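The data below hold one chain only, encoded as structure tokens and taken in the form predicted alone.
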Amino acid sequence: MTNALHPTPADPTRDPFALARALSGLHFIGGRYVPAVSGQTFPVVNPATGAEVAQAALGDAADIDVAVREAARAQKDWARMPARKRGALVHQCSAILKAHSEELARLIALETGKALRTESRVEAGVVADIFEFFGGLGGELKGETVPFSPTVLSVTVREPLGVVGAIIPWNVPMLLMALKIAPALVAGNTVVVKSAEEAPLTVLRICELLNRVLPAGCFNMVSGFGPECGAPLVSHPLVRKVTFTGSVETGRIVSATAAQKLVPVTLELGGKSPMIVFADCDFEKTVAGAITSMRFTRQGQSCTAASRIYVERPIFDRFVAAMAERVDAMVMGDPLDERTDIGTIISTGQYEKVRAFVAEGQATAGATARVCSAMPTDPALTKGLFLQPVIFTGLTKDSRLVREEIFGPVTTIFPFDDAETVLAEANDSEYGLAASLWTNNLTVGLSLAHRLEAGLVQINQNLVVQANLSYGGVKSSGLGKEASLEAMLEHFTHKKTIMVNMG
């Protein structure tokens, strides 16, 4: 595999188009940019215009093998480094990410269509915070003393697993990559990331930036498609842990493949998150919270999007009208334009999938579809994947729009009359990732929070994933937790018992 000189700028740049071109056709393996073993590439498209902005290296099993072996080679020395020193290096990574925050925000807006002001800058900031948080946890890789016998010293120690294979999605690729690699690295593992084929560029740039601090081979990135690139990563014999974020269907395949090797997996899968609104809520705050909870600024492309909203009947009509009015006032347009609130859907395939859901809802007898926001008028955006947000009322509980994850700017709203009934409806789902409750009666709120079948329940807010808050779902929403000390200890180390006979 031939070496490619670093073609990217050393200093932060505000030109995402030039940066995208510079990143074309490359993986990052063993501390350097390299092309795919096959030399093949695939296009990266700006979803706001339909124009190709770069080529990504088309990885397959050969590239995965090189990356995993580089990671395995580096892991022995990395694991021997004192944990706090590893943490200090990860903390230095945070400083580099902060310095390049605007650059990364612009590049992710270009390749994903997420609005710069409302989404991409937020994600870039959270990514730096995650590295800063985990960088300080090196000293928390602690063991225990075990009271086994007065003549036997028995202790446990935390040890890394080895090479971690991480597969990330396209909706918040920087954030979800950070949640996987930062704790894995601090714990003494090395990592190979398979990026999402729709959004490979920003994570590739991050990989290079972090390799300015980390020893070569500790963090590697390969781009490609699931069957040809992701599957070989999961099945590679040197990969001792798999962490995956994506669809339920693919998560099941990942889990089954990893089980053949008896290696642990962390799965963050889909969601159909309920939002329950009581009549005694702070109305204006709750309407604003519904806009945030539905992640409309991300075109609803979020596992935690509040795509099932239940509103107590006395305020139902007022709430629906107020929510529709606010969404209608949001500006849809060029993701790189500071005036834009809402960008685009990520890809043509996702665009058509969401449109099919909307058409099905509109054709349902008794349903009302409130189509909000205006399509952009800029002629340069006529080929963009812009889709107006839709708020549905009047659907039945067995509608596909209520049961299935749409992953688009579509939500459904229902009236309810009592707490027990709405709790049953909220829990009537195969998913259990997140939920929110909006009420000024904390007795009611806490009672329901304990009984909601979700891994993350928030009352009177619905924040995105934050460092230090355990995040992960139940039921079909996944296995394991991310974003916390618990995630690092339980999912990226194993516990070894050591016994010394002193008799």
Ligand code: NAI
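Quantities reported herein were computed from a predicted structural model and do not represent experimental measurements. When you see a residue number, it is the position in the sequence shown, counting from 1.
Keep in mind that the form predicted together with the named molecule is missing from the display, and what follows is about it.
**Student:** Is there a non-hydrogen atom of E111 within 4.5 angstroms of a non-hydrogen atom of the named molecule in the model of the complex?
**Tutor:** Contact check for E111: no, nothing within 4.5 Å of the named molecule in the model of the complex.
**Student:** Flag F407 as yes or no: does it have a non-hydrogen atom within 4.5 angstroms of any non-hydrogen atom of the named molecule in the model of the complex?
**Tutor:** Flag for F407 set to yes.
**Student:** Taking heavy atoms only, is G394 within 4.5 angstroms of the named molecule in the model of the complex?
**Tutor:** Outside the cut-off, so no.
**Student:** Counting only non-hydrogen atoms and a 4.5 angstroms cut-off, does P227 reach the named molecule in the model of the complex?
**Tutor:** It does: once the named molecule is placed as it appears in the model of the complex, P227 has a heavy atom within 4.5 Å of it.
**Student:** Can you pick the one in G270, G188, G289, G217 that has a heavy atom within 4.5 Å of the named molecule in the model of the complex?
**Tutor:** None of the other options qualify; the answer is G270.
**Student:** Would you mind picking the one in D334, E132, E208, E198 that has a heavy atom within 4.5 Å of the named molecule in the model of the complex?
**Tutor:** Looking at the other structure, the residue within range turns out to be E198.
**Student:** On the criterion of a non-hydrogen atom at 4.5 angstroms or closer, are K194, T245 and K353 all touching the named molecule in the model of the complex?
**Tutor:** All of them do, each having a heavy atom within 4.5 Å of the partner.
**Student:** Can you pick the stretch from 250 to 258, 367 to 375, 309 to 317, 148 to 156 whose heavy atoms fall within 4.5 Å of the named molecule in the model of the complex?
**Tutor:** So the stretch in question is 250 to 258.
**Student:** What residues in 154 to 178 sit within 4.5 Å of the named molecule in the model of the complex, counting heavy atoms only?
**Tutor:** If the 4.5 Å heavy-atom criterion is applied to the named molecule in the model of the complex, 154 to 178 yields I167, I168, P169, W170, N171.
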